[in-house]
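First comes one chain, alone, set out as structure tokens in the form predicted on its own.
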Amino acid sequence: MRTRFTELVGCSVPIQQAPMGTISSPDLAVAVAAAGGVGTVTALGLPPEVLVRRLNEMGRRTSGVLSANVVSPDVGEQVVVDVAERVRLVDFFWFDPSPRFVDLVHRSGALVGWQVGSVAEARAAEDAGCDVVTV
């Protein structure tokens, strides 16, 4: 099925797995990616070196589209770059859309998604340059 989403992110099924904390294991994300959707894991609570190892391993296990969810505005810029170099879509949540993070992700070769809960947040995500807005 071809949609604007599948064409943008490069998957064949217009589904992005929700980054449901520890429930969204690397195995589940790899299976979703292998099935044609966007497989997503969370970065929440992972030391940067563990996150990088996890994303590297996941990338070795599938040629499908992977995403990582970043949930804190306190994450370091290098972590954002490290994630963006390893996944197709960096997905943010729980803080105001950051043009700086959007720029870092884009310069690292990935797309930016932002999860929002209001029209105002959706507009802010669009204004920040996000490629995908999840409501």
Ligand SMILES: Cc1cc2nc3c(=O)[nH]c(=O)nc-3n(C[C@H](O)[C@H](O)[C@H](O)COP(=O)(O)O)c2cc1C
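From 1 onward, residues are counted along the sequence shown. All figures in this text were calculated on a predicted structure; none of them were measured in a lab.
The form predicted together with the named molecule exists for this protein as well; it is not shown, and the discussion that follows is about that form.
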(request) State the residue from Val102, Val81, Leu51, Val71 whose non-hydrogen atoms include one within 4.5 Å of the named molecule in the predicted bound form. (result) Val71
(message) Give me the residue from Pro14, Gly10, Gly21, Gly117 that has a heavy atom within 4.5 Å of the named molecule in the predicted bound form.
(response) Gly21
(request) Have a look at 41 to 49, 56 to 64, 28 to 36, 82 to 90 and name the one stretch with heavy atoms inside 4.5 Å of the named molecule in the predicted bound form. (result) 41 to 49
